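Shown next are two forms of a single protein chain, provided one at a time as C-alpha cells under the names structure 1 and structure 2.
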Structure 1
Amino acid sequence: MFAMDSNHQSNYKLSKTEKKFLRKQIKARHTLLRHEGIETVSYATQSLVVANGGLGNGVSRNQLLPVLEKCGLVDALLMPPNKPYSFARYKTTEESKRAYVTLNGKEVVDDLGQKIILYLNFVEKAQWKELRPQALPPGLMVVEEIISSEEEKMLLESVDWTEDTDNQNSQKSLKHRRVKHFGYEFHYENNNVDKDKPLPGGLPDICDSFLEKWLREGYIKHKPDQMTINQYEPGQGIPAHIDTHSAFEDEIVSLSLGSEIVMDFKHPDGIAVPVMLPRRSLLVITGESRYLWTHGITCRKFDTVQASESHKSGIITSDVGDLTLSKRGLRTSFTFRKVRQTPCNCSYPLVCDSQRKETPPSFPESDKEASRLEQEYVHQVYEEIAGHFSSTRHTPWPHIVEFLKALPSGSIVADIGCGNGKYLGINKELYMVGCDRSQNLVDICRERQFQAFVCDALAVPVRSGSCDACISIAVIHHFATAERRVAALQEIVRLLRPGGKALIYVWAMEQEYNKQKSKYLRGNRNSQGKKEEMNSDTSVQRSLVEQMPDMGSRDSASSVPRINDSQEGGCNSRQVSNSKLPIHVNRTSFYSQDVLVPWHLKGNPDKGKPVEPFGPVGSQDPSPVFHRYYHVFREGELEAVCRTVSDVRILQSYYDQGNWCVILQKA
C-alpha cells in the first residue's frame, strides 16, 4: 500500500484512490479524538491505533494478530471490549512504520464474512484504562461440569421440538428463541406464572435424579416445580430482567447445554458484570443476585471472552491483552424454579413487589424542599457532567427540526434549557437565543458561537411577549412538584407574543405505546443517559469511519427502586441522600413517575480538559455515577398541565419515541 500522512502530500501528487484513503484516515483520527479521547500523533512511534480493527465490529484477536505480525514482532495487542478499534505495540518503530505503510487501507474479512477496511494512526502509548477486577454479584455461583457429556446428550435428546403446540406442555417460538414450559407457564410480559393454572404432567422424570443430587449437595433448598427450556440459535438472546420476587423462591438455577454463553448481570446503579457460563455448567442465583441484579443475554453471534485457555467460567475481566471473540453455538438451557406460595419477605423491600406498596416514593413537601432536590439532583449534576453530556449530543430530532424550519424567516426564538445548543443553529433564518441553568453548558454554547446565557427556567430575564416561538426540550420533567412544572410552562407562555408558538417535550412514562416499544426499550447497549433524547439509540457501529459519528452515552433505565445507601457498597455511586426515590435502571418500563436516573461519567470530569479513556494500565478509578431527578409524564398529563395555563390553546399533541410532546399557541 502507501503511506497516508498529510505531511507528505506536498512531495508528490496523490492519486484519486490515495486521496480517498487519506480522507478516511483523517476522519478516523478525528472520530477517535472526538468520541474516545484518543489523540494520535503525526510522527512515528512503536504504537498504533487500528480503527475498524476491534472486537466491537467483529474482528477477533486470532484474525487481526496474524495480519499485524506480517509487518514485525507485535509486543502487545490490546482489544478493548465492545470498541471498534484496537491498539498494537511493535518491538521497534521501524516495524510499526512498516505496518502503517502496509496495512493502512487494507481490506480484511471479519468473522461474519463482511469486508472491513483498516485505518492506522500512531499514538504515544498503547494503553487502556482498566477497572479493578470485579467480583461476582453476591449470591451468584457457577458450578462447572455439573453433569457429564453423556448426561448432556441424554437431556438434549429428551427435548422434542417437533411436538404440537397444543400439547400439555406450553411450547412457543418466540422472536429470539424457542421455549418449552413445564409445571407452570412462565409469562415473559411480567416474569411471573399463573399459580392457579399448573400445567398437567409436572416436570419430566428425567430431571428427578439431577434435582435430588443438587438438593443433597446444597445448590438448591427447594425441589423445583417449574422448568423452562430455552433454545438459543447464535445471535438470539433474552432481555435483561429480574424474575418477579413474589413468583418464585430464592434460588433459581439454570443448566447450560450444547454451547457456552456470556450472561450479563447489572446492578441498579449501572455496574455491569459479564459472566461466562460454560457448557454443562450450573448457574445458581440467590440472594442479592436473584432479587436486585438483572440478568439477560445480549443478541449477538459472538461473545467477548478471555483468550487464555485457563479461563473457563466466571467474570469476563477487562484485561484488554487477553480478550477475543468466541462464536456462539446452539445453546439449550434448563432453568428450574420453585413457585412461591407466600409473599416475598426478602431484604430488598424497595424492589420487592410483595413489599414495595408499603413504601411509597417520597415527594417534596414544600417549594423550598423541591428547590433543594433540584439543586442537588439536576443543577449540580449537569454542572459536573456538562462536557461528557455535550459530547453525546449530536443528532437533532426530526420533529423538532421540522418545527424550527417551519417558522417564518426572522422569527425570534428562545430555547429554554438549551443544553449544548444543539438546536440553536438549525435554522439560520431565525434569531435564536438559548438559556440553561448550567454555566458549563452555556460556555459550550458560546464556544460554538451561539447566543446563550445562564438563568433559571422559572425566571427567564427576557421581556414578556418578545418571542415568536419557544422550545423546551426535556426540561420541565426536571421540576419536582406539579406547581413548579406549571410555573415553568407559564414562564414559557409569558415570553410568547400573541399568536406565538411553543414546542414542549417531556419524558413519557409509557415506553411502549400503540403496541410499539420505544427505541429506548428496544436498545441493548449498556451505556448512559440523555437529557434530551432518552430514546435516541447509539449502538456500537460496524465501521468507525463510516458509521461512528454519534457514539453517545445514554442512561441505563428501568424502574428498580433503590435500596438504602448502606446497601450500595462497592458500586462507586455518588451518595443519594433521598433513598426513598426509586433509581431507574436498565431499559425496562417505568413503575414510578418520580425517579433518579444515573449518569456514568466517562473520561476526565474537569471542564475544558480532554476526555482520556485510556491511561496507565491497571488504573483503579472506575467512572463516577451521578443521579438526576425526573418526573416522567403519563399519557394526557402534559395536556392537562397546559390547560391550567390561561391564554393558550393546544395545536397538536403527540408521542415521539418515549416522549410526550405538545405544540401550544398563545391567544
Structure 2
Amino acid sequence: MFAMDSNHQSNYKLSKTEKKFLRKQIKARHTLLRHEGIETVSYATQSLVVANGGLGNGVSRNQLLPVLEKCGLVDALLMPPNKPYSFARYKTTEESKRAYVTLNGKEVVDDLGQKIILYLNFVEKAQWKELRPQALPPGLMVVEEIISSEEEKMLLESVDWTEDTDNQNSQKSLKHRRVKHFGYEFHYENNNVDKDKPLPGGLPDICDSFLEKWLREGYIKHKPDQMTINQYEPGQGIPAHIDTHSAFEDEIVSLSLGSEIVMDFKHPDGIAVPVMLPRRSLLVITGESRYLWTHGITCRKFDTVQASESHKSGIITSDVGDLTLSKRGLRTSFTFRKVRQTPCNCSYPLVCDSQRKETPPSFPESDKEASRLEQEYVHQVYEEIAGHFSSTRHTPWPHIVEFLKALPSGSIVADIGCGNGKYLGINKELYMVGCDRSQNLVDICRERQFQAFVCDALAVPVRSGSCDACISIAVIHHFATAERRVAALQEIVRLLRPGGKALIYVWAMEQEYNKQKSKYLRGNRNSQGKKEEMNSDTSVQRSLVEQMPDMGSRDSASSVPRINDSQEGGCNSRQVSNSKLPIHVNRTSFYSQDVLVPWHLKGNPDKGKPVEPFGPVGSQDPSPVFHRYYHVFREGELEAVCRTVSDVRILQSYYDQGNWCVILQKA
C-alpha cells in the first residue's frame, strides 16, 4: 500500500524499518481516533490527515504547505490551533495518493529545529468544526499605530532595568518576566496597591505628552496615576487574572512595544477570545472586559495568528484554513491605570473584592451552611483551577492501579469524583464511567474520550446495585460535615452489587506515618524548580505519535510551595463551633482537621495543557490563590465511617502516601 524505498523485491516480507514505520502509522491512526475522534479510511480520497504536522507541535503553515505542494495542487490546508495534526485536501485523488506515498515517513523540522516524522492517512473529508464567538469582549478596543516607530524606540530606551540589582538576579535565574512600577507600588501578595504610600516621582515625564494626547483624542477618559512596565521575553507570560476591582478605576490601558502578542480573554462561562495586540497599539479595557473577563498571556514562544494580514489587531480568526504560527519577540508593555480611592461599586459583584462577603468562612453548623461552604470553597475553586489542577494529576497511584487491574474483565466500574479522568483508562478490560461535580474537569474527561457526566456525589444518578466496583479517590474529604461524608459513602455503597468492592482514598491528618514523611511534606522548592525546567515552553503539545515524557510524580493533594500565606486563623488543635477555618500552610503538618488549603494557580488555565512555570516564589509573582476546604481524616476515622454504613465489610485498610485508604465490600 505504500513504498518506503525503491527496494521492492521484498514484496512479501517487510524490512525492519518498514515494519517499524507501519507500526507508527497504525499507532497514529489509533491515536487520532481514540483521542481526537478522527476516522481514517483505508481507501484513497482527496483528503489526508497529516499527523505530527500541526500548529500544536510546532509545525507552521509556511513549513508544511511547500512540502505538500510538491505532490500536487493543495485545495485547502486546515491547521487547527494547538493540535498536532492538520488536514490537507488535494485537487484530485491522484495527487493525494502521490502525497500519501511520497510523504509518509517524511522528516520535517519543527519550530525548535527538531526533526519530526509525518504520518499521513486518508480521511473521508478534510473539515474542522470550530466554535468561536466573533465579538470582542464588551468594552475592549485596540487602537493601532497609536505611536510612531521613533516614539516606540524612545520609550523602550527610556526604561532603566539596571536599577534594582536584587530583582535582576532573581528574575534572570527564574526566567521570570521583568516589572517596574511608577506612581504606586503594586503588591502581588494581595494584588493591590498601597494607596497610602505613593511612590515619589509619579509617572515618568515622557508619558505626559502621550497621556495628554490620548485624553484629547478621546482614547482615554481619565488621567492615570499608576503605571506598570512589563517586559516579556519569548516564552514568558502572565497568568489569567482580573485586575483587582478595588485597586483601580474602570479604564485600564496598555501600550505594546517591541513585538506583537496574542492576549487571551476569558469569560466566566468559559468563552475564550484570543486578541492580537500589534506593536505600537494601545489596548483599552473598560466595563465588562475590565471587570468580568480575565486576561492573560500564555507562556510560549509562538502565537497562533492569522496567516493573511497577520498583524491586524482584534480577534484571531477561527478559520483553520488561515492560521499559522508567529514567533514572538521581546515585548514591553506600559500599562496605565488610575488608583481607586473608594470601594468598587461595579455591576459585577460576584467577582468584585469590594462587594463580596469579606468575612472568612467558619466551621459549618448545619447542612445548609456546609453546602454553601462546599459551593464556594470546593466547587467554584475546582472550576477555576481545572486546567492547572489536571496538569498536576497525571501519575496514577500504584495501589489504585493494582485495585483496578485485579478486577475481572467486563466489570462495570464507577469513579465517583473522577476529576480529570486519570483512572478511567487504566484497565481496558473494564467499563469505567466517571462523574465529577466540576463541569470543567468532566470536560477534560470528554477530551480524553472517556465516558463521564456531571453530578453531585450525594446524588449519583446510577441505578442501585449496578456496579461491580467503585473508586472514590480524594473526594469524601471535601464534605464539610460528618453526616455528609457518611451520606457520600452510602451513595457509593448503594451503587455496588452484592459482593462488589469499593476503594476509597482520603487525605490523612497524619502526614508523617511510621516515621516516614509523605511526599506532600517532602516535596520542596527544588523539585518544583526541576519540573519547571522540563516544562519551559511545553505550552505546545508535542508530536502525536511520540508521547510526551512523564512529568514526574508531584502528585500529593497540593502542588506548590506557598507564597506568604496569610497566617490568620492560627492553628486550632481541635475544632470548636463558631471557629474560623484555619488556612493551612502547604507542605506542613495539619494542626486542625477542618482546613482551607491554598492552591496557587499557575499558568494559563486552559484545560488539558501542561502547566507553565512562572518562577516559584517572590513578591513579583502575581499568581491568584484559591482556598479549598478539606476535612482531613485521623487514623481509624475512615474505617469508623465505613462501619456506620450497613452491609459493608472492610477488606483492607492502609496508609498510602499521606492518605487513609479502605477497600470495602458490599454484603
Partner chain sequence: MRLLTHNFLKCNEENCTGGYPLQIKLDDTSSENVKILEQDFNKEFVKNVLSKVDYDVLYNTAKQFGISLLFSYTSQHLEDEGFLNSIHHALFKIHIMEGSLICPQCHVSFPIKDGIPNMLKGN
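Along the sequence of structure 1, residues get numbers from 1 upward. In this text, rigid core is short for the largest set of C-alphas that superpose within 1.5 Å between two forms. Given the structure is predicted, the values throughout are model-derived calculations rather than measurements.
Student: Structure 1 or structure 2: which matches the form predicted on its own?
Tutor: That would be structure 1, which is the form predicted on its own.
Student: Does residue 294 move its CA by 2 angstroms or more between structure 1 and structure 2 when the core is aligned?
Tutor: No; that C-alpha moves by less than 2 Å between structure 1 and structure 2.
Student: Determine whether the C-alpha of residue 437 shifts by 2 Å or more between structure 1 and structure 2 once the rigid core is superposed.
Tutor: Yes, shifts by 2 Å or more.
Student: So with the core overlaid, does the Cα of residue 207 end up 2 Å or more away between structure 1 and structure 2?
Tutor: Superposed on the core, residue 207 moves its C-alpha less than 2 Å between structure 1 and structure 2.
Student: After superposing on the rigid core, how much does the Cα of residue 402 shift between structure 1 and structure 2, in Å?
Tutor: Residue shift at the C-alpha: 6.9 Å.
Student: Give me the C-alpha shift of residue 640 between structure 1 and structure 2, core superposed, in Å.
Tutor: With the cores aligned, its C-alpha sits 12.4 Å away.
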